[in-house]
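As structure tokens, one chain now follows by itself in the form predicted alone.
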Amino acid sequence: MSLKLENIHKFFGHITALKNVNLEVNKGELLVILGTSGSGKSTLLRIISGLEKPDKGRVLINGRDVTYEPPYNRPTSMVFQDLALFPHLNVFENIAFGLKIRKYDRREVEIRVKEVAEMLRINDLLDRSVAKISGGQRQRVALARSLVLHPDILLLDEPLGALDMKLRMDMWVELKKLQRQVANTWVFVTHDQHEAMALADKIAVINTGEIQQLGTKDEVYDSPASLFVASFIGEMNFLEGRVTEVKGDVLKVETPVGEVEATMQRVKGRPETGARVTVGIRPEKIQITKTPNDCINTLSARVSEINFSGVLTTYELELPDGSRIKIQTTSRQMGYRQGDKVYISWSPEDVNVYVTQ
């Protein structure tokens, strides 16, 4: 185990920043901590780095308790959100800074800097001022400055936030390749779900200081553990209802637009007859047809809006009670127009159910 957090709590006065956080990250994994602004994700990263101390709990790196050890005694390095490059130093000097502080000899500094600069394709910038290179190049310099220390764990605090979307998407691909190449453990903090899905081996979704779910991308997307995760990761259609039957592997829910069936494997909480629940269905899991089919979950609807975004076509449909539901498809030639009456259906295996009362 490369990193283990046990029952981490952090308080700032009367404010609880982190509550009972438990995480395990294996060597070589890329963990993304995903959450909204103020959710506690950056505080958690600073506790791993040693810049903050927890009020309760332990931080273990490679099996060693480092909870109260200073940053320089930990096998970690951090890339900050604002990159924190030194404007009065050139690229070489910025990358070499940590090595010189640790008093590496001149020859070793030169070897390591050139090695990491070549890896990040910035070896032709070493004599340049960091003030005179692009945002993407500065990002690479900040990464190089951390990687040159050969950390067991690299910590990244929203390092791509200042880049435009096209450059960020390019960096996602490069960062993933780089992480596999250096084969150390990365913990990456972001508020961007698309960034998390592009980069992560595992995702820890955090909200108001608590880990809502820790799992692979598939687990977090296909089977969100809470309503917060379901609404935060990707698109989700929600229907409110009450449980009418629990029988074997089948759960039936009465909603304002009709009965919905789900399999018990996708139910979060303890469902009982009469319990209030929220039903969630991903837009891409819903089929649309011109005539009703024999699926269990089938509703009539009317096409309200059609939006083509280049890859996906999103249909917004109006249900009999006036509520709206979205479906997404990669097909552009479905032949539907605004105002058309259609039928939608989905499998019970694709329904997530959350017990709310």
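Residue indices: 1-based, along the sequence shown. Here the structure is a predicted model, which means the values were calculated and not measured.
FYI, the form predicted together with a small molecule isn't displayed, but the following is about it.
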{"item": "Selected contact from T329, T36, T289, S300, since only one has a non-hydrogen atom within 4.5 angstroms of the small molecule in the model of the complex", "value": "T36"}
{"item": "Options 37-45, 55-63, 316-324, 291-299; stretch whose heavy atom lies within 4.5 Å of the small molecule in the model of the complex", "value": "37-45"}
{"item": "4.5 Å heavy atom contact, L23 to the small molecule in the model of the complex", "value": "no"}
{"item": "Touches the small molecule in the model of the complex: A17 (any heavy atom, 4.5 Å)", "value": "yes"}
